Each structure stands twice: as C-alpha cells, then as structure tokens.
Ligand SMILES: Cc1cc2nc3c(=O)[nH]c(=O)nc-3n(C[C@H](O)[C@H](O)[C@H](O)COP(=O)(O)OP(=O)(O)OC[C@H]3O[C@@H](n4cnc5c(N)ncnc54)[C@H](O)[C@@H]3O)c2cc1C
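The chain that follows stands alone, in the form predicted alone, written as structure tokens.
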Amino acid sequence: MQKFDVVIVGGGVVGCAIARELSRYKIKVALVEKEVELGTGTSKANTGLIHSGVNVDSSTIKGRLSLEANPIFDRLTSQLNIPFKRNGSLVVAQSREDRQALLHSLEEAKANGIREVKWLEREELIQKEPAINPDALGAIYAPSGGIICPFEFTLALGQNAHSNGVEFFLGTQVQKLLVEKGRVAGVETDKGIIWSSFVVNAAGELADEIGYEIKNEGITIKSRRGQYLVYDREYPVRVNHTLFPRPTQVSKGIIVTPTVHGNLMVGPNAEEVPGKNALETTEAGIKEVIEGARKLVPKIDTSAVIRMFSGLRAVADSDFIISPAQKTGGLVLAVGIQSPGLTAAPKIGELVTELLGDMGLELNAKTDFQEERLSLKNLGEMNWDGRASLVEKDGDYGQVICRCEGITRGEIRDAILSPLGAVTIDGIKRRTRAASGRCQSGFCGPRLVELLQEFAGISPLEASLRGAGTQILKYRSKELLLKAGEEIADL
C-alpha cells in the first residue's frame, strides 16, 4: 500500500510547478500522469510565451498570478538551466479603434507596474520591426515579454521536483477519486490505489474525468483548439519581438513570434471543438492562421513551413479556478488554466501549496532543497574547444545523429538515461531537439528507434512517437516474408 501526503493528478506545466513547490517541504508527494512522458497535453502545444502582463485584468486570478510570475523567470530559468529570452512584445494597432483601445490598455499596464512599457508610433515600430505591416498605427511595447521552450520548462520543473523527492507515476491513468466520509482518501488508477491525505486536480482537459468532483462543483471543462505553423530556421521573413494584434474576449489573437530556438512561429486561432481529441489541423484553420499572421507581417507565406500542429485549451471559466473543492474535503482544484497559464505556472504552484497549508497540510521546509537542476550537455551552446574536449573524453558526442539540428548520439543517450528519461521519439525530441529540424525526423527517425532499444530496452516494434497507439513499426520484414511463404505453401 502506497501512502502519500499529497497526490497531484496531471503532469503538465501546472502539475509539475506544483510538484516542485511542494518538494521544498518534508512531505511525501506523488504526481500521476496518464501519458508516459511529461507535458504531452496543452503544455507541449502552445506558443511558449512569458507574457508581459499587458491586456490582463489584475483583479482576476490569472491576471494577478501572471503579473507576479513574469519578473521571476530570469532567476527561475537560470536555476532550471533552460533557455529564456526577454525579446519583448508588441501589441499592434491596426485601426483607429485599435489605437484608442490600446492606449487605454497602456495606462492600465502602467498602473499594474509593468516595467518600461510604452507606446511606439508607426515610425518607431517599423524601426524595431522592419517586416511589420506598414499600415500599422503604432503598438504597445513591453520589454518584459519573453519566450521559452514549453517542453523544456515543464520537464525541468518535473526533473527538479523528482530530484527533491517527488515520486512520479507515468503511464498511469487515474480512474476514480477515492472519497471517505466526505474527504479524499487517494486515487484509484489502472495500476492500483495510491492513498493520500490530499489530492490536487491539475489534470487539464481531463480534469472532469478523474471522478465527479468537478461536476459536483458545478464546473464544466470545454475544449478550445488553436492551430500553429512552425517555419524553418532559414526562412528569410524574420521578426525580433512577439507580435500581438489587439486581443479579443476569448483570445490574444493570432501571434507572430520567434521561438527561443530561432524558428518563426505563427498562431493560434481559437476554435470551440467537441470532445477532447480534436487535435487535427484543418485547411480552414491553417488558412485562418496565415491570414491573421499576414495582417501583422504581410510577407509571411507557407513556403518554409516545417511543422503544423494544434493544441487544446481547457476552458472552465473566464478565469483560472484555483481553490479548495467546496463539497470534497482535502481536494484542491487547479483547473481551467488557459493563457497565460505557462507564465503563471510557478505562482500557481505557490498558491496551491499555500491553500494546502491552510487546509491542514503540515509544511516544514527542507534544509537540503536543491534549487538548481543539472541540465543535459548541449553541444550547440558550447564553443569548438569545449566540444573537442568533450568528444575526446566521450566519442558518442562526436557522432551526429540528427543532421538538421546537429544533435549527437551522446546527447540522445543522456536524454534517455537521465532522471525521468525519454521513452518515446517525441520525448527525445523535446529534450534534445533531434527530429525538430527541416526533415522532421526523415533522416534520424530510424536511428532514434535504435537508440531507444539500446539505452531503454524498448523493442523497435514497441517504439512509439508519443506512447501507446502511436507505434512506428508494425512487423519485422522477415516476418512478412515468412508469413507470405506460409500462405504460398498452403495453396
């Protein structure tokens, strides 16, 4: 029988941020995630922005937490050893109505204490962004806006929590919330019961499928899909900042932004979709994204798109829902975390921890909490002398597996063998960027399958893109020939 003080359901950025914060204390914490890799839902399929706080309502939970979180990212990303860049954001006025509304938003942003925010007239805007639509009337400029890799951020939070004692149950589906005398007692999973005094529901889109407590609270989770395009790093149309249109009531609009790894990315649109598996990209959706992007940067086309993808947002209300459940003792809800959830995640972790303390969880701080995460070796960030020295010690770092991104056998080996290591092709991709380049795994894909077998003991027939149901290979070629021979012999 496994007994924990807290069980967190959901291994996205919110669940991992909560886990890291709780790992500061002398308590037993478990995180349960139905997928075999962390961050496989909304946390992998978003724009990767650290929002400045412009156009947020500071009276809401999501507005307050994102404003509080933005300044900590320099320190936090340094501790976690992940890339982060304050490239700044521009919210662009494309009409007189936009200009009037954004000037009002500018005053609100200043009142919220956003650093160095100011208005740029058309000439200043074009000077900062030569590719911008020349008809633009100006923009709010917020230098504090930033870009981050959402995969690496989620994984780093999880790995740091793991190194500080949190136990992870990956590939484990929560089937039922266990309640005794009106209070949680744990969770029932497809692999057995995990007993716990407190449970945090951070299950994102599936938050209403781990039991009936969400419905009991009068909360309904809806799905909102956003589609994206990612461009080759050599695409000549470039932007320096994250470009926003004037936001709507349901979306911050179709954005044009560089990524922290040097690609151009555009999206998302916002579509209400039925069900929780509507992750396909559509002709209409991609057309909407391109048309929206061209309003900001007219020269954008589809000539160098290397990837199209979509992500689903779990929408429960106009605001985040972060609170104790009203009808089930010991349960905390962290649901309906839409944009700017990535930005707010560290502060969500702090708020949930505070709520658990108020509910009776004894929080005694550890004296040996490890703030920093040891990162994997990244040859792309090393100078030639450093690379040569590393290769001399370990020849695996001299064998390039992914030609597009220059990722070596040593880096992929480390990603598989590291704590909470990769067990899928997407898992390797998110940790190393192998298969992220122009050919999208056309060259390195078979080699990644071989390396999963070598270092994780995963049979090529079981090697998958992202887990069960996404296996890459169906048969061994000789098995097909033998089968064909048997069928001929039977004739």
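Each residue number is its position in the shown sequence, starting from 1. Just so it is clear, the model here is predicted, and its values are computed rather than measured.
Absent from the display: the form predicted in complex with this ligand. The rest refers to it.
Mapping the unseen interface onto this chain, L49 counts among the residues with a heavy atom inside 4.5 Å of this ligand in the predicted bound form. Taking non-hydrogen atoms only, Q159 never approaches this ligand to within 4.5 angstroms in the predicted bound form. None of the heavy atoms of G53 is located within 4.5 Å of this ligand in the predicted bound form. Although the partner is absent here, S43 sits close enough that one of its heavy atoms falls within 4.5 Å of this ligand in the predicted bound form. Residue in contact with this ligand in the predicted bound form (any heavy atom within 4.5 Å), chosen from I132, V174, L76, C404: V174. For the candidate set L103, L206, L137, V305, a heavy atom within 4.5 Å of this ligand in the predicted bound form is found for exactly one residue, namely L206. Picking from 32 to 40, 55 to 63, 447 to 455, 428 to 436 the stretch near this ligand in the predicted bound form, with a 4.5 Å limit on heavy atoms, gives 32 to 40.
Interface residues of 334 to 364, taken as those with a heavy atom within 4.5 Å of this ligand in the predicted bound form (partner not displayed): I337, Q338, S339, P340, G341, L342, T343, in sequence order.
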